[in-house]
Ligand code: HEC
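Next comes just one chain, in structure tokens: the form predicted on its own.
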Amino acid sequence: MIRFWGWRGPISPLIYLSSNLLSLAGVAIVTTAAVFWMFLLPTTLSGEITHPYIGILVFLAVPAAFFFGLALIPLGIWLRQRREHRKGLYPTSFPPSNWQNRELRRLVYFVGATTFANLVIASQVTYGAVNYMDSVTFCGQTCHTVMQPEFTAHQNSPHARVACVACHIGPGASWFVRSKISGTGQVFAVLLNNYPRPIPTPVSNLRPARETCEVCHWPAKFGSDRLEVIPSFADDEANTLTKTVLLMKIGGGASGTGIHGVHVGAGVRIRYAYSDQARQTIPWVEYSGRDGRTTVYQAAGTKGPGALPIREMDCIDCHNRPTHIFQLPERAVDSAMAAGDISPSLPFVKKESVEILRGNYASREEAAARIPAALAGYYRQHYPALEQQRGPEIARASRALVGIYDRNVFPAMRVSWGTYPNNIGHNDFPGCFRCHDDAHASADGRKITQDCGACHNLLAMSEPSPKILSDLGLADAAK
């Protein structure tokens, strides 16, 4: 057995052992990845990368190759040493390892320079990769088909400039680690093409809203009453416009009044049991009020939660689509007509638009071709003179309809009209009536109220020109 002294001893075997095919391949891969990284470096210096595939290349593919090559170098050395020891081929002596050895000096210089370069590259790509994986581009566009519905909805929402991780992860290392572990499983699901279509909601492992939503939205702060004007166009030839005017009682703060005060105010704690994954059926509710009293309400015909899961209520139980908002065709067309994207003066445009949107289209590309053709064909058949005179308006309405479809329907993910219920309100989905249905009663006969005045004052109901808007100086809104 050869005994080596000081630092010189281990160097000679290392030089000898590193001359193997696997280690040399590792050196080649590391060098190639480093060259690619240097060519791609200018794209990272310009700021956030907006193209998802460039981001994958810069922060995922190149770093993966780089670290894989680094791992091959010691692996090749270890395998060669083990193989030669077994076969008795390992040398008993090596060339002298001193500074006068020219080959050793060159190796030390090379290893020193490459080690420094590797540290620079590794630190940069690691930091860049973490930041890139937290970007909206990565979350929404890397797995394009899977996240297309949610990303599209996010881009058209009130939170369009809020990063996905601000709500889905929030601050702190523990939730960051959890999200990355969960994301690993999602990556394999995408690679194996066995992810669910559509993505089920609500997200079971979402961070509590009190740690994310309430960073910006503080329920303890009192919210004044809010005027809500809801336009609606009829299905008649004139697309008759009516408006509903509500005064929403937001509340909150120390008074404990209004919607927020009663549900998430100080001292209030609500738990509920649900019998379906979407949390649309709620047979049991436990309400602990500011006075310290706890009351249990059960839906008619039920016997308590039993083995059902129980959840403590927070913001997203009502605001379940704060960012990923999908509309029904009737609501979407009303909004487009109120905004002027679809001219209300086109006869029967509301009725025809909704029917066209509800048509069966195999893909978004097919919808983009058939929707404009269907609307133009309707006016060509029933109003030929108008189709000639107002062609540009019809074309603009067609583009608006294609936009509505593209924001709400995604055949590849089996997302269609009404796939994701919205719990705000109670017109299109059960929403508030999941609990406020006049069927949840306590042991002493009290019920969860269904009184409309508890949440809002109805100032006008489907009126052509609500007087309240004129009285408030909102004459334009009344037209």
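The numbering used is simple: start at 1 and walk along the sequence shown. Predicted, not measured: the structure shown is a model, and the values here were computed from it.
The following text describes the form predicted in complex with this ligand, which does not appear among the structures shown.
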### Query
Taking R197, A332 and V354 as a possible spot, do all three reach this ligand in the model of the complex with a heavy atom inside 4.5 Å?
no
### Task
Find out whether any non-hydrogen atom of R226 is located within 4.5 angstroms of this ligand in the model of the complex, and reply yes or no.
yes
### Message
in the model of the complex, is there a heavy atom of this ligand that lies within 4.5 Å of any heavy atom of L308, even though the partner is absent here?
### Response
no
### Query
Wondering, does D341 line up within 4.5 Å of this ligand in the model of the complex on heavy atoms?
no
### Query
Does C455 make contact with this ligand in the model of the complex, using a 4.5 Å heavy atom cut-off?
yes
### Task
Would you kindly say which of H159, R396, R364, R407 lies with a heavy atom within 4.5 Å of this ligand in the model of the complex?
H159
### Query
Pick from P74, P322, P347, G403: which has a non-hydrogen atom within 4.5 Å of this ligand in the model of the complex?
P322
#### Entry: Listed range touching this ligand, judged in the model of the complex by heavy atoms within 4.5 Å, from 78-86, 298-306, 197-205, 376-384
197-205
### Query
Taking heavy atoms and a 4.5 Å limit, what residues of 435-453 are near this ligand in the model of the complex?
C435, H436, R446, I448, T449, Q450, D451, C452
